[in-house]
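Single chain ahead, written as structure tokens, the form predicted on its own.
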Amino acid sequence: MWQKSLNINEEEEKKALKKAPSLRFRFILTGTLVIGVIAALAVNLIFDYSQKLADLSYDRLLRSALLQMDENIGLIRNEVSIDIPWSAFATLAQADEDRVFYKVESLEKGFITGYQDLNSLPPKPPVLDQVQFYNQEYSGEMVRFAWVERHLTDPETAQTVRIVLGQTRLSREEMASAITQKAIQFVLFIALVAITLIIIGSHLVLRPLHRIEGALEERAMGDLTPIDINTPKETHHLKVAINHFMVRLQKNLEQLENYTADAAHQLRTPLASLRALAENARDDIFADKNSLGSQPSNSLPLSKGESKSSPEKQYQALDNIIKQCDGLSQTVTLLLNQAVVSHRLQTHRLESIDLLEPITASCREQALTALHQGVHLSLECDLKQTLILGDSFAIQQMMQNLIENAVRYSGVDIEHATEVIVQVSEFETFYRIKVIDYGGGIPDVEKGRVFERFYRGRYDIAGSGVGLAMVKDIIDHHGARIVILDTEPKGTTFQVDFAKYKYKEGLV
């Protein structure tokens, strides 16, 4: 695995791994917390339900006993009479640990039987013949009461009788506790099973990531082909992002290789020329010394025209060396600019810029160089502002290469071609730049190849064959368009169209 061959400090890698957050731990922790919250809510609901279920069960017994007491109440000689049946207390005796309290009273004549201090009222307004159940503390204990009022009548009198029957809650609490305990055991079992499934599921969920990791680790060094494995939808976008990153990385490596090849190609030629010129100058000087040393004492000296190595020839050789040094310096500068432009195009986002600024700066820098070559460089533009989305430095390098190319080829085979014109004009959706020269022109068969790397139409004119290739890269990155046209009556026009900012901003 190519990662294993890298010189990575294992201790630092282990420390970084310890500090790194764990996706699997977060997944398990989040699932456990969710299950814990659900379990807590379930336990709370179960507790309430068990209390209600216990009350419902024992309230039926309490109601039955209350109704039995109510059935045995009557009026005898205008007095309320009650004969409490034994079966009423036998019903409540099923809860053998609980105590029973009761009270029967007449609203008109007062206490009849039972616990006289049992003064208990329901929380809701009383309704005749309607049984109400409620909890209330009595004799130091919490008691469940059944309460009912009944209207008794006979021909001579009418009275309202109130019956209150209470039972302690021991059996109810015991029943509710048993139900709750069993339910909690079941909930805990379900929660443990769910947490176990989450732990197992975390392995399954993260397995696609491990597959991607394994696919990357098993690759040979330098293998940047896209990942071709089946992944779930959730990791598909990650796989696509990795593949896009590797495509960009592969492109960057190819550009680096091209740049290295450019540097080697461009530096090798001038260095070879420098060596050849230096060797020629050395050989001429050496031949001149040998000629002077071997000349007889009585012979006549060589005439000026017969000299093997005249000062003019030495001067010419040294001048050629200087020119080659200048060419080499220009080549190095071009390669460095190309590297900077390539880096900026990859790392900088396009911004809103004024197109005239890099154009004007390029014309100013090239004006003196053009003048030294007898070429007049002019800028024709009536616009005050030309906003586009672009990189100012890259566009300036593009314009310098176009202007240098136009100046270099101006005057070739043409006696009066001494002008290069840069025009900037505005259209509805774009700005148009024209770099016009009146040189020898470019044949139609060569127009499609001038943007190829290292291609040179003429080798008798200084050049590197890289400048126009860089121009094409800059134009493509900006989404612009370049066309090579013929200048009338003779020459070449490079026409470049940049979209206006208001038409391009929605796409960036």
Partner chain sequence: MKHFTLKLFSLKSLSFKTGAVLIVLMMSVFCTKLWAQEPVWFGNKNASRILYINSALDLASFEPILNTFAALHPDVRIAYRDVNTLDLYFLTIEQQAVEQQSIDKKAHPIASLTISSAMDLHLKLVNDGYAQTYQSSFTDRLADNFKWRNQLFAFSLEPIVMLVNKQAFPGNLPEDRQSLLQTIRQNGDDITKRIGTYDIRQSGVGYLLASQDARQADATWGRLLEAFGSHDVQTYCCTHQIIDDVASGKLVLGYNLLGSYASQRARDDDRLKMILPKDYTLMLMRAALIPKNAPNPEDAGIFMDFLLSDTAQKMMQDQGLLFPIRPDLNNPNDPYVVDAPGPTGVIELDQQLLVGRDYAKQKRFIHNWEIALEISKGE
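Owing to the predicted nature of the structure, the values given are computational and were not obtained by experimental measurement. Positions refer to the first chain, counted from 1.
Separately, the form predicted in complex with its partner chain exists; it is not shown, and the next lines address it.
A.B. asks: Mind telling me which stretch in 99-107, 351-359, 210-218, 391-399 gets its heavy atoms within 4.5 Å of its partner chain in the model of the complex?
C.D. replies: Of the options, only 99-107 has residues within 4.5 Å of the partner.
A.B. asks: Among the candidate residues 141, 365, 419, 154, which is the single one with a non-hydrogen atom no more than 4.5 Å from its partner chain in the model of the complex?
C.D. replies: Selected residue: 141.
A.B. asks: Which listed residue (117, 382, 312, 319) meets the criterion of a heavy atom within 4.5 Å of its partner chain in the model of the complex?
C.D. replies: In short, 117.
A.B. asks: Is there any non-hydrogen atom of residue 126 lying within 4.5 Å of its partner chain in the model of the complex?
C.D. replies: Although its partner chain is absent here, residue 126 would stay clear of it in the model of the complex, with no heavy atoms inside 4.5 Å.
A.B. asks: Flag residue 243 as yes or no: does it have a non-hydrogen atom within 4.5 angstroms of any non-hydrogen atom of its partner chain in the model of the complex?
C.D. replies: No, residue 243 sits far enough from its partner chain in the model of the complex that none of its heavy atoms falls within 4.5 Å.
A.B. asks: Can you tell me whether residue 90 touches its partner chain? I mean in the model of the complex, with a 4.5 angstroms heavy atom cut-off.
C.D. replies: Yes, residue 90 sits close enough to its partner chain in the model of the complex that at least one of its heavy atoms falls within 4.5 Å.
A.B. asks: Can residue 430 be called a contact residue for its partner chain in the model of the complex at 4.5 Å between heavy atoms?
C.D. replies: So residue 430 does not count as contacting its partner chain.
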